[in-house]
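Only one chain is included here, represented as structure tokens and corresponding to the form predicted alone.
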């Protein structure tokens, strides 16, 4: 079966949710899934839930769990670079059928790694592996290389009324 490149981007809610839904669907079919979370660090609700599928879904975090403003720190860059190296290793191992790079578009936009690094990942992806890249601000070159691109468009959000992120819904 041929694997494709998916991009979930845009300012609307649902990019991570879509990727995690695909991971659960794949696990239900018996496929192994690797999820690399860039920028993020911590025990989010989805991490706790996915531990129940630990025989099929592996999650690793390659971030320091903070917003990167301005120039990223060497530590932020190092964490993201470790994630890229891990993804390359995972892709060449053949162990996983689905590979998800969560917030990788944002990591590239913040220059934790380059857009070219992401393009290189896409170009070395074995044909049978499904690759999912999430995050706002997908570069046009990434969009061009992808097979499926979904843009989540915010129409209305309760954040605008001051509602904070809620456990089990947004975090």
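These numbers were taken from a predicted model, which means no experiment stands behind them. Numbering follows the first chain given and starts at 1.
As for the form predicted in complex with a small molecule, it is not shown, yet the points below apply to it.
| said: To verify the annotation, which of these, 141, 32, 136, 51, has a non-hydrogen atom within 4.5 Å of the small molecule in the model of the complex? | reply: It is 136 that has a heavy atom within 4.5 Å of the partner.
| Given that the partner is absent here, does residue 21 sit within 4.5 Å of the small molecule in the model of the complex, heavy atoms only? | So residue 21 does not count as contacting the small molecule.
| query | Quick one: does residue 167 come within 4.5 Å of the small molecule in the model of the complex, counting heavy atoms only? | reply | The answer is no: residue 167 has no heavy atom within 4.5 Å of the small molecule.
| Partner proximity in the model of the complex: residue 157 to the small molecule, non-hydrogen atom cutoff 4.5 Å | Contact with the small molecule, yes.
| message | Taking the small molecule as it sits in the model of the complex, is residue 150 in contact with it (heavy atom to heavy atom, 4.5 Å or less)? | response | No, residue 150 sits far enough from the small molecule in the model of the complex that none of its heavy atoms falls within 4.5 Å.
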